[in-house]
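The data below hold one chain only, encoded as structure tokens and taken in the form predicted on its own.
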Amino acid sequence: MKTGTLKQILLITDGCSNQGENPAHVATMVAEQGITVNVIGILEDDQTEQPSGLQEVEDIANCGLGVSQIVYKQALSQTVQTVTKQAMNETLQGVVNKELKQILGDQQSLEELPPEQRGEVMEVVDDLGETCDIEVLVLVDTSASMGNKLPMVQEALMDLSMSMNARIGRNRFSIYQFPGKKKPLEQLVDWTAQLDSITSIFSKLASGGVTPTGPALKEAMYQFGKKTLKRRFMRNDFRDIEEA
């Protein structure tokens, strides 16, 4: 079974957007391009209440057909790996479900199979998870409130790279920050199989400014290659969202 390349945006943030389009609406359009939007919301380790802005984390992930998780910054590393792999498995399960419907008809899905057969199908999903190609664009919020969290983000991304490269399938990562100096987002690391260069990059990052999550997601979508995007979603088609 061929799955093609699984594409994910991994958004790491600690608050709500305050500039530009509604990020949940943009996430819907990103998902229609076959790109899953996963979101991790970071809390301070001594924070007892979740800020109201982090509701946006769940909204973006739901609209982006991805996974969301709220986490204290000390637990960020393990969470980044878990969310990335969970989203990959859910996407693969969707692919397998689609294949099953073609074989067995619309009345049969993975959940409806007898336990033994369902177990066999899940073995196929696990095998695909080891062998499929995956592209992960990491979108890091570097607004003012993220300043003390960036070292933990760096550590988490290094661990993600090592974990994912233990797989058989091909991995590619890229990292963007938002806001950029003059644009909604700015490239930190171009597409690569290894994230061993991020130590020097993160040490020079300065946090500050607004949080244009919607515009950043929109621009991130185009970093996967314009040729793979459906024609109906060229840049001008976001005009209605921007006006709203």
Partner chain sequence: MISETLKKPDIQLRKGQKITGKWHHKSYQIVRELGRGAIGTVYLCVCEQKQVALKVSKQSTSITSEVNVLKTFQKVQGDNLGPALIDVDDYQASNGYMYAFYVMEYISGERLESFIRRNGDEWIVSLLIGFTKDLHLLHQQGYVFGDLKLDNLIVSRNPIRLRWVDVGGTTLQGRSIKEYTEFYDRAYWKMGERKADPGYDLFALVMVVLRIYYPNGFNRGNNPKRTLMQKINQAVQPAPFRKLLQGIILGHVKEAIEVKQYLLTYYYQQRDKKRSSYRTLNNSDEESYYPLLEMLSVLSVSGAVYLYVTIFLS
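Residue numbers count along the first chain shown, from 1. These numbers were taken from a predicted model, which means no experiment stands behind them.
Separately, the form predicted in complex with its partner chain exists; it is not shown, and the next lines address it.
The stretch that touches its partner chain in the predicted complex, counting heavy atoms within 4.5 Å, is 63-71, out of 63-71, 171-179, 215-223, 184-192.
Here the marked residues 14, 135 and 143 all miss its partner chain in the predicted complex; none has a heavy atom within 4.5 angstroms. In the predicted complex, its partner chain stays beyond 4.5 Å of every heavy atom belonging to residue 91.
In the predicted complex, no heavy atom of residue 44 sits within 4.5 Å of its partner chain.
At a distance threshold of 4.5 angstroms between non-hydrogen atoms, residue 162 is in contact with its partner chain in the predicted complex. Contact annotation for residue 95: none of its heavy atoms lies within 4.5 Å of its partner chain in the predicted complex.
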